[in-house]
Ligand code: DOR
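Just one chain is shown here, as structure tokens, and it is the form predicted on its own.
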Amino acid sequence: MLVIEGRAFRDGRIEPAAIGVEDGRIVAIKKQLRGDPVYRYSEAVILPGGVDVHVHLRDPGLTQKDDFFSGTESAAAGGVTTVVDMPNTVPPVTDGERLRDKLRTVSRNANVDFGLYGGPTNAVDVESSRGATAFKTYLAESTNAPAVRDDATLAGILLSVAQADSFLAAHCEDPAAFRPGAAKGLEDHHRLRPIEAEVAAVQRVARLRGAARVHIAHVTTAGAARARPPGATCEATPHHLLLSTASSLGARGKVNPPLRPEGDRDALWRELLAGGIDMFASDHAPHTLEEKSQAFDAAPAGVPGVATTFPVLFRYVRRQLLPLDRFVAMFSGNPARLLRANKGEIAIGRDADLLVVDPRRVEKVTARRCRYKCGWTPFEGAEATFPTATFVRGALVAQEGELVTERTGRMITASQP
């Protein structure tokens, strides 16, 4: 039996514990256990590994930006032990055949566990992609992603998702509410793709959802979170929580939906602290520096982020602005619950997906520390606390940001609700 010792976060408390692992799952939690090997972390804190339900690892077809090996290496460096990859690759994963092709391509190169979204353009695509972890639709065009334009098609997709007992993640922007013009900076981008467009699209999903489980991606405003239908979940990204139109990033800060002004960013935090946001998700969407160096209106939208969700947001726990139990729920427990995955909690029977952190350690974010293939991060130089070790199903995958074990990840399956 493998044993991991430290101060574990369980049942809302941090207490000394020895965690016994067999066949990738937690089989015992006691004050002391005998085992081989034994990993001792003394006064460090052991938390559930992160579950990121929104990443774009660019594989296949866009691997100059990222690929499944490098993207999951970055995830491990940031304490994320499960990622779910979006379908807007080249070709886009719109049906079952493309889903199976992608799985063959990426499954050999995963350093953490993973899921795959299908990106249906109609109800038939959902039927053919029953092996997908979940499904994703775009209500407005974004990078390599065609929009689902008419209500009948969206309603058909939602009905098929419900019949598949899966869920639909929705990129919510309404093109009818976009304003004409070419954006020259972050403020323009916000103005041309306004908050009203986001809220209107969430309301559209609420109106058409039927019995489907729905998840709203990357809400940027409190209004969008509040507009979601009863029982639906939503996520917020670190870049929408920490960056704004006042940022000096220029085209590097261009994302869809856009960064918002400081007042809206503050309101998003208030909504989060009040319990109105269910989970963190990175929307890791890397582009090369060359691509991001184009004129603002020509530059693609998206920023890398899978390695920095834990490091840059954990500082709010350290400063006692965000309760640890709330942070763990948003980083691990709630996204695992959305996926119906056997993860997200330090408990007997759960997968032994764990991260180890010394809360006293503070360092600066760098692209190298994040292991980003694209070579940059919007959080360069920010104060951060990185995990010192990451375990996936009991295997030590990363230590001090460096891979220890390669290609240990596998596709997750949903457990019974």
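Counting begins at 1, following the sequence as shown. The structure displayed is predicted, hence computed values, not measured ones.
Unshown form predicted in complex with this ligand; subsequent notes refer to it.
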(request) Counting non-hydrogen atoms within 4.5 angstroms of this ligand in the predicted complex, say which of Ala110, Val84, Ile216, Val255 makes the cut. (result) Val255
(request) Using heavy atoms only and a 4.5 Å cut-off, determine which of Cys234, Leu116, Ala285, Leu158 is in contact with this ligand in the predicted complex. (result) Ala285
(request) Select, from the options 371-379, 50-58, 388-396, 351-359, the stretch whose residues sit within 4.5 angstroms of this ligand in the predicted complex by heavy atom distance. (result) 50-58
(request) Answer for Ser142 alone: is it within 4.5 Å of this ligand in the predicted complex, judged on heavy atom distances? (result) yes
(message) Taking this ligand as it sits in the predicted complex, is Gly302 near enough to touch it, meaning that at least one heavy atom pair lies within 4.5 angstroms?
(response) yes
(request) Would you check, heavy atoms only and a 4.5 Å threshold, whether His171 touches this ligand in the predicted complex? (result) yes
(message) So, Tyr138 and this ligand: in the predicted complex, are they within 4.5 Å at any heavy atom pair?
(response) yes
(message) If you apply a 4.5 angstroms heavy atom cut-off, which residues in 67-91 are near this ligand in the predicted complex?
(response) Asn88
